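Here you get one chain, nothing else, as structure tokens; it is the form predicted alone.
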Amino acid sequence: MNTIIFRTFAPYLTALMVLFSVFILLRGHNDPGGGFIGGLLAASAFAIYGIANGVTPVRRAIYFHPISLAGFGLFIATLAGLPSILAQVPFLTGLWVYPKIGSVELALSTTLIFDIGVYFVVVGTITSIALALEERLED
């Protein structure tokens, strides 16, 4: 299925899917979505790009090694629990702050930080598996 149309359309589809995955990530915790689903969408986008163009362009596009992304995500998800320890509540309890930017009140939480960590863990893990499978198919 490596046609000229697919190879031409794949970068645009990948960019659109990654953008939508970030939307799903930020929509997250209270609505359907979050880090896991957003990460699956982003990893699927990289898999499509890899099928169309090969493994090397995907590795160049994501810049960091996928396992490093997963480790970074695990670190971020763990950091999300530190404010709850400082507030003397159970680990990973969701804490909220409501800063005002102009006339807009922005709701920020530790659950968003946790979801961002999960996003990176899922993207790194699934992309690593997909690239390993694609490399085996290319040989």
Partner chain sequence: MASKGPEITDVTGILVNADLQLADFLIVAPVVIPILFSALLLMLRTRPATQGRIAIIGMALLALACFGLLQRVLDTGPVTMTMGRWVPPFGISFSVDIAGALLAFTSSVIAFVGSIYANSTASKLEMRYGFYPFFMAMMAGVSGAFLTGDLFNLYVWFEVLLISSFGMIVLGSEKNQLDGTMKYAFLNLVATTMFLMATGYTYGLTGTLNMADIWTKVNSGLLEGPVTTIAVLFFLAFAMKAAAFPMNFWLPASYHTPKFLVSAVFAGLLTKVGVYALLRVTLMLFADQRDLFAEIIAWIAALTMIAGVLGALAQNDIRRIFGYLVISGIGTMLAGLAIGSVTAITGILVYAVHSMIVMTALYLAAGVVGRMMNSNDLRQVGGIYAASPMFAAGFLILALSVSGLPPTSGFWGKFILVKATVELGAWWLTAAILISGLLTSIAIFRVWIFTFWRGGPSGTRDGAEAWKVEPLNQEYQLAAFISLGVLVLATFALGVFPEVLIGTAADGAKGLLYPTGYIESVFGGTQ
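If you're wondering where the values come from, they're calculated on a predicted model, not measured in any experiment. Positions refer to the first chain, counted from 1.
There is another form of the same protein, the form predicted together with the partner chain; it is not shown, and what comes next is about it.
Of the candidate stretches 46-54, 108-116, 33-41, 65-73, only 65-73 has residues whose heavy atoms lie within 4.5 Å of the partner chain in the predicted bound form.
When the partner chain is considered in the predicted bound form, Ser103 lies well away from it, no heavy atom lying within 4.5 Å. Interface membership of Ala61, defined by any non-hydrogen atom within 4.5 Å of the partner chain in the predicted bound form, is ruled out. Put simply, Pro99 is far from the partner chain in the predicted bound form: not one heavy atom of it is within 4.5 Å. Looking at Leu92, you'd find a heavy atom of it within 4.5 angstroms of the partner chain in the predicted bound form. Contacts between stretch 78-107 and the partner chain, counted in the predicted bound form as any heavy atom lying within 4.5 Å, involve Thr78, Leu79, Leu82, Ser84, Ile85, Gln88, Val89, Pro90, Phe91, Leu92, Thr93, listed in sequence order.
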